[in-house]
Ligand code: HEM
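Let's start with one chain on its own, the form predicted alone, as structure tokens.
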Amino acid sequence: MDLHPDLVELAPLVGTWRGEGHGTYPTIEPFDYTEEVVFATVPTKPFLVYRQRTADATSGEPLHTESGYLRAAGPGRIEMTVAQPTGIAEVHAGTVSDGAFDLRSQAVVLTPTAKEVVTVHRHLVVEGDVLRYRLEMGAMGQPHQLHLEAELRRVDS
């Protein structure tokens, strides 16, 4: 792995991850999904490239995709940007400690036709080859609350 020295704390994320998750929110029916997440290095660069996609667990129909970048912002600190084709862009700041990554939105920017999203909190924990995460959000007039949670396994590093 060609890892920039600034990314040592982010190294547990590097690789391709696949697994299953569950989504819920007051404005939608609960659903199960499959997911693939990739955190990739870029030679000599101090950031990771992030790509994500989900599909309906039963039909296999695509549900969501997003991409962005994750970088170290000093010891124990991280920043992430995420863009979605639905017109939502997120800017996060947070912390990393012992394989736990906690990111809270600093800004959520919407195109004129995007659904309302006000806050996002992403919490990821890596234990060996298992990545678990929870995504909470405040959106569509609802208070900040759990939206997604999943468990993924590393399939490639």
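From 1 onward, residues are counted along the sequence shown. Remember, it's a predicted structure, so these values are computed and weren't measured experimentally.
Omitted here: the form predicted together with protoporphyrin IX containing FE. The next part is about that form.
K.L.:
Could you tell me if Gln84 has a non-hydrogen atom within 4.5 Å of protoporphyrin IX containing FE in the predicted bound form?
P.N.:
Flag for Gln84 set to yes.
K.L.:
Quick one: does Ser97 come within 4.5 Å of protoporphyrin IX containing FE in the predicted bound form, counting heavy atoms only?
P.N.:
No, no contact at 4.5 Å.
K.L.:
Does at least one non-hydrogen atom of Gln52 fall within 4.5 angstroms of protoporphyrin IX containing FE in the predicted bound form?
P.N.:
Heavy-atom contact with protoporphyrin IX containing FE at 4.5 Å: present for Gln52.
K.L.:
Please tell me whether any heavy atom belonging to Leu10 falls inside 4.5 Å of a heavy atom of protoporphyrin IX containing FE, as the geometry stands in the predicted bound form.
P.N.:
No, no contact at 4.5 Å.
K.L.:
Please pick, from Arg104, Arg132, His64, Lys45, the one residue with any non-hydrogen atom lying within 4.5 angstroms of protoporphyrin IX containing FE in the predicted bound form.
P.N.:
Spelling it out, the residue with a heavy atom inside the cut-off is His64.
K.L.:
Under a 4.5 angstroms heavy atom criterion, identify the one residue in Ala40, Ala93, Ile28, Val109 near protoporphyrin IX containing FE in the predicted bound form.
P.N.:
Selected option: Ile28.
K.L.:
Would Glu35, Val117 and Arg122 all count as contacting protoporphyrin IX containing FE in the predicted bound form, using a 4.5 Å heavy atom cut-off?
P.N.:
Spot residues vs protoporphyrin IX containing FE: full contact, yes.
K.L.:
Where, within 118-154, is there a heavy atom within 4.5 Å of protoporphyrin IX containing FE in the predicted bound form? Residue list please.
P.N.:
Heavy-atom contacts to protoporphyrin IX containing FE in the predicted bound form: Val120, Arg122, Tyr133, Leu135, Met137, Ala139, Met140, His147, Leu148.
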